[in-house]
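Below you'll find only one chain, the form predicted on its own, shown as structure tokens.
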């Protein structure tokens, strides 16, 4: 089996994550219920004439992809694979709004064409003039992980490089629907952070994270991508067994994991899925979390992988990400676990180069 390396990464998020000089230690916890991305300097990556015609998710993805490719010293990957839960949501809302306002008549197709989920992968390919394999996966909160599995398989089957990423954007109308459903926290419950909020819902946000994967280690390599697993539905009692089984498949035990990264989002109704990891299975392991920095969206786990890979490379864990404080005996093997509202569970295993 060929080794898969993360040779470059790019991330546009609610934090200033595109600035190479910015350290994770400087990231601040989000204290508002809905947070837009910290906009990068788009014109540094995209021609000004094209910027105004691109939805925010597309622009953010092009920026993140460019950064990842530059870090990996890669001009044209063998494949572009994208995961997205909601696609180009803003253009979808625009089209549906016009559909209602114009009573289904005299509609221009622009917003409809740009609202498709594969717009992101297509725009990146057009910019790179890349005619290689191009795939988009849409599977709710495991969209990014399924894209990652496809990318990992391609590397193992002989491809030299794959660009893979996860992207989602905020739409005003859809955000209000989530608010009505109680999935977004009230602002007053966030004054002490999501860990102490003890309420339903979470902080919603958006973002794009892309990774340049390769079958060879480079001078910029962050980590090895070892394995990814997704589980559709699982009870709180079963999830610890699933984690142990996943590690055993990779000839590892719980004791051999140096860091576990959890997708805790502050929703008290689903916190118990993580509590089992915190209090029993990984009670002696350094525990981290990230959604207080990124916010929640379908592909937020891509931000988690970006953070974990940075930690693997720098061998340093920012205090703002820690859930507990355990002695660090080196950072070698890192396990990520995420779920959303009790479904779409995923495990991702990475290792320092």
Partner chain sequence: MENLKIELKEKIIENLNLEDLSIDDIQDDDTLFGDGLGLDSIDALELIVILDKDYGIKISDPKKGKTIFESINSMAQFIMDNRN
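Values in this document were obtained by computation on a predicted structure and should not be read as measured data. Residue numbers count along the first chain shown, from 1.
Form predicted together with its partner chain: not shown, discussed below.
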| item | value |
| --- | --- |
| Residue 108: touches its partner chain in the model of the complex, heavy atom cutoff 4.5 angstroms | yes |
| Any non-hydrogen atom of residue 233 within 4.5 angstroms of its partner chain in the model of the complex | no |
| is_contact(residue 28, its partner chain) in the model of the complex, heavy atom dist at most 4.5 Å | no |
| Heavy atom of residue 102 within 4.5 Å of its partner chain in the model of the complex | yes |
| 4.5 Å heavy atom contact with its partner chain in the model of the complex for all of 315, 326 and 353 | no |
| Candidate stretches 273 to 281, 82 to 90, 168 to 176, 110 to 118 - the one whose heavy atoms come within 4.5 Å of its partner chain in the model of the complex | 110 to 118 |
| Residue (of 47, 53, 322, 36) lying close to its partner chain in the model of the complex, criterion heavy atoms within 4.5 Å | 53 |
